[in-house]
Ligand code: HEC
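One chain comes next, on its own, written out as structure tokens in the form predicted on its own.
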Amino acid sequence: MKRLKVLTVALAILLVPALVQARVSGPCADCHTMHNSQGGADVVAGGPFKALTKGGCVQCHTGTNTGNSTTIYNSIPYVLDTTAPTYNFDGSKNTLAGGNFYWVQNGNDAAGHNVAGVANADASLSTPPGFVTTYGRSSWPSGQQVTCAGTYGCHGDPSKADDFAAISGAHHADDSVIDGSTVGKSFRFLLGIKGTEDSDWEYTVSSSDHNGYYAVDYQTTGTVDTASINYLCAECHGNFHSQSSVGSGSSPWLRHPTDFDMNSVSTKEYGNYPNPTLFTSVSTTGEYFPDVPVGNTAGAVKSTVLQAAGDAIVLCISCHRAHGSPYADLLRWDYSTCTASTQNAQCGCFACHTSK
């Protein structure tokens, strides 16, 4: 009997999920090469690259997500595919939480951020739409392309102009706590941003398997928290977050609200989020809908929302994918299919606007 108890305890320990961290692991040679030379030939074409890596941000994060984490090539989050990814709103997809740059690289400027090294500069835009200096960035030179990291990028330290310098050390940092204190301890290496990182970047996703986005309710705090995912977007698109016209109590609003807690209007149509009568991947009111995500004041993974104040906060990424999507304006769904009084399951607007 004693031996059986010991075995039971041992099995219980083994079955407890291990803490999955985003920092890299495995053979150094998977990512680095000392001299970019082996047997008289280049290890990788175009090298050597900084930090002795086998490629820059774009090279390392180009590929097809298959979910097979047993090989180095599928434990890396791929954000650029060389063939059209599978992307179905409220359905199957092999893109990750941020979407994919495939569509913008293949000529659709409106379908993604025109990141240097990924796509040509946007033919229409010379500065980020809605750029203001209110949210941390002092200027944006006309014609400057957004970069992966650094001064004109999203990831890493914005005080460093170079991508490699901006992200230096983050891939090897202890990220057991995501508090925004360093690049390595920030949500997805977005310096200063807090949250909870899904271990497979939302390759597999459900109401209980997803990122946890940190956000605050402006109505309650009167401030836009610099550690929120919305603030990160505001650094480049700040005019779309101006509280003089968004979520500040002005009526009518001039822009779609962010940093707004739907608990404040839960007695209206918004209390029926995520509209389970329309969308197939959710089954009950209040269930978290990963394809139309909301944030919370803990930045935690919540399987149900609209249960307490601060657990259903509207995000920029409630509607948009950070990297890109098949649709205009990096939207998660095809906005052209949205027609009032004719709800359809290809329009995510109806997840919150359930009676429109």
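Since the structure is predicted, the reported quantities are computational estimates derived from the model, not experimental observations. For every residue, the number given is its place in the sequence shown, counted from 1.
Keep in mind that the form predicted in complex with the ligand is missing from the display, and what follows is about it.
A.B. asks: Taking a heavy atom within 4.5 Å as contact, would all three of I76, L232 and H241 count as contacting the ligand in the predicted bound form?
C.D. replies: Yes, the whole trio is in contact, each within 4.5 Å by some heavy atom.
A.B. asks: Could you confirm whether E202 comes within 4.5 Å of the ligand in the predicted bound form, counting heavy atoms only?
C.D. replies: Judged by the heavy-atom cut-off of 4.5 Å, E202 is well away from the ligand in the predicted bound form.
A.B. asks: Within 4.5 Å, heavy atoms only: does G222 come near the ligand in the predicted bound form?
C.D. replies: Residue-level check for G222: no, no contact with the ligand.
A.B. asks: V43 near the ligand in the predicted bound form, any heavy atom under 4.5 Å?
C.D. replies: No.
A.B. asks: Taking the ligand as it sits in the predicted bound form, is A298 in contact with it (heavy atom to heavy atom, 4.5 Å or less)?
C.D. replies: Flag for A298 set to no.
A.B. asks: In terms of non-hydrogen atoms within 4.5 angstroms, which of the given stretches 278-286, 156-164, 80-88, 202-210 touches the ligand in the predicted bound form?
C.D. replies: Single hit among the candidates: 156-164.
A.B. asks: Ok, S168, N94, T226, T182: which has a heavy atom sitting within 4.5 Å of the ligand in the predicted bound form?
C.D. replies: Contact check passes for S168.
A.B. asks: From first to last in sequence, which residues of 186-202 have any non-hydrogen atom within 4.5 angstroms of the ligand in the predicted bound form?
C.D. replies: In sequence order, R188, F189, E197, W201 come within 4.5 Å of the partner.
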